[in-house]
Structures are given as structure tokens and as C-alpha cells.
Ligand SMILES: Cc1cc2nc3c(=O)[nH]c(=O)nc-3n(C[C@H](O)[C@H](O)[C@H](O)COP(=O)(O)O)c2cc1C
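One chain follows as C-alpha cells, the form predicted on its own.
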């Protein structure tokens, strides 16, 4: 029997996330994204279906090249409006017991001191079920929203992220020693001052004195997700990631990405199994092949391809003219998500790929269509390529997940491709078998780092 795959629900607190235009469908419940009940009902459904994680994507700007009109974005609801998922996470924690809760946050949008405090608070509130998707910001509008004149060059963003990670690791792992929170009513000592420390970080981007204001949460450091697939992104993932999201167009491409990151794991002194790989896939499920074909056609007809191309052009920082769909992409360069262009060029091998191919590839390359048994066969192929989990992209909420749980999950469990029940404990324990960062992780190096330093609070 194979090892069970992990399952994450890929969502965003907006009406149009990945497969654009589906909010227009009668069952497109994501149009009610402003309603807290949409999300509390969804997490309860996901937990009943034994999903492992709900993962919230997020942005802090509008997609597009500098000066590009936002008309198409607003008309299509292309991730605008969108709400801050961190605000609702504690509510979702209170409606679930086991489901992991992951949010995306960029190094641009939140200072590491306030971010570390927020995540520790959420990890306490959820009893250790919080995860963070680390992003470096590929949106030029996002950079300008936080006072920068332009988007920081691609590889420099990862250098900046290295310092950001150092600060949060110092706060999460080093500022409080084990046993510092005493809460001794008899002696009247709430905390041991010799075990709580300033971090006195001074770097290129940040000066943070500390100490961390939150006592150690069940995981200390939240489970760390990452999605970088450029060389710099893969280097960063191999140093810091515990789970990596892939959007490979086929299992063979996933195998290449997994192998490239695993090689980098060894170079960083980490175990080859230190990262779980999640492939993003959407699903069309039918009881017969004829039903699958009908549903496939209906989905193709419902997708807003102009919005798809606008979105993907925005990710790359390029104004992809939807009126020039046959424009070749061979000369395009970008400081945004370079890996997306690489995927398109790799997938279209019989000719020079065009702007149209970007939209078509995005809508179909991650789609798995078939009967439950047929889909299970396809997921077995993804697993053989090195994939440990599936990041389930929705067409409609909650219907895409209800269909997955009711029609596909029973077959996956019977085939050993889905777990029968949850493991106890924190999210990291459920996935890796332990609550805290593994010893070979760079964040673990900050444990006890300030215990004898002059910057100790109690000194």
C-alpha cells in the first residue's frame, strides 16, 4: 500500500482566485467571501472530509505592470476585493480541532516583530495548527503600496527574506527558553526573567531589540510553506521550507522540481525527507467518462480566459494584451514570477508559445478529470513523481470540496492514498511526527542562543 497523500484546500478570501469567472455560476458560493459563515462552514466541511490544511493565498496589491489600468481586474473581480485571511483565522480555529490553518504573508507587508507576535498568538489560539507561506512579493503595485518606488529585483528579494527569517527565528526560537513561563501563584512569579531575552538584532533592513512578547506556542515556529521555483526560490525553499507548493504541468516536471530541491536540501545539511511537496490540482469528477466530458466542457465554457491572462501577466509584471493573444512570449522578461514563463516554454515544445498558451495552460494543465478510480490512478502517478500532497484548487466553493470529499475521498482511502483519520497533536506533529523545527533546520540553531548573552532581559 502507498503512503497516504496529504490534502490542502487552496482558497483565497476573494471571489475570483485561480480559475476565474466561476463566481458567476449559480453554485459559485465564493461570491459570499465577505461572509465569515462561508469560511467557518467550509472548514467544518474540510475537517469532516479529513483534509489536512486549508491554505489561504493572499496579495497586498493589484496585479499588473506599473501604470496598467485596473479596469479589467475590478470588472472580473480578479482578487479584488480581497480580505486579510489572518483576521479570520482565530474564528476558523474555534470551529475546528485538527485542520491546519495556513496563511500567506509577504516580507513587505508586515514587520517581522509584529508578524512574529501575530503568528505566535494564532498558534496558541489553534493549539499549534498554524502554517505560514513565505513570499517575497512579486507585485510592483504591492511594493508601491508600502512606499517602495519599484519592485525589488528578484534575487535581492530573497536576500532580504533571509534577514526577515533570521529575525523571526530569533524571536520564536531564541527569545524565550523552555520553562520560562512559570505562573507560580505561591511564589508570585509569573515568568523567570533569566530565561527571557532580548535579541538585539541589527541588520541591513531591521533593528529589533526584543524580547518576543508572546511565550512559546505549541510549535514555536509555524509550519513553513514556500512556493519559489526559480533557482533563488528553490535555494530559499531548501534552506527554510518544510512544505513546498508546486504547479507543475505534468508529473515529469514535478519530478524535476522535487529532485532539484532535494539536491539543495543535502547542500544545506537537511534530511532528504525534510520537505513535503504539494502539487496544485483542480478536479473534474464524474461517475462515467461521458459525465466527465460534459463537466469538462462546461468548465471550459465558464472560465473567463481574459481574466486568466490578465492574472498571469500581472504575476509576471507584464501587461499581456488580451487583444494580442497570438503574440509570442519568447522575448518576454520579468522581475516577477520568472518560473511561470519557464513552465509555459517547457510545456509548449512544438512551436513558440504565445500569450494565448499562458491562459490555456493555466486553466487546463493543473486539471485532473475522470472517474474516482481514474483520478486515483492519476494521483498515484503524481505520487510516484515525488509529490507528497495535493493542493486542491476549487472552481466553486463549497461544491468543489464537497464533490472531492463525497465522491473521491472514499476511493482514495480504499486505495491507501488518503489517511483514515487524523494524527493527534500540532500540525507539524501530524505531518512530521514532532512539534518543533527539526534539528537540521536553520531556525533551530537559535534555540538557547541568547541565554548567556549580555542582552538578557533579566541581566
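Being a predicted model, the structure only gives us computed values, none of them experimental. Numbering follows the first chain given and starts at 1.
This next part talks about the form predicted in complex with the named molecule, which is not shown.
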Identify, from the list 371, 230, 194, 96, the residue with a heavy atom within 4.5 Å of the named molecule in the predicted bound form.
-> 230
Could you spot which one of 412, 431, 57, 43 gets a heavy atom to within 4.5 Å of the named molecule in the predicted bound form?
-> 57
If we take heavy atoms and a 4.5 Å cut-off, which stretch out of 378-386, 243-251, 298-306, 117-125 is in contact with the named molecule in the predicted bound form?
-> 243-251
Can you check whether residue 391 is within 4.5 Å of the named molecule in the predicted bound form, heavy atom basis?
-> yes
Wondering, does residue 154 line up within 4.5 Å of the named molecule in the predicted bound form on heavy atoms?
-> yes
At the 4.5 Å heavy atom threshold, is residue 135 in contact with the named molecule in the predicted bound form?
-> yes
Consider residue 158 of the chain shown here, and say whether it contacts the named molecule in the predicted bound form, taking contact as heavy atoms within 4.5 Å.
-> yes
Out of 407-426, which residues reach within 4.5 Å of the named molecule in the predicted bound form, heavy atoms considered?
-> none
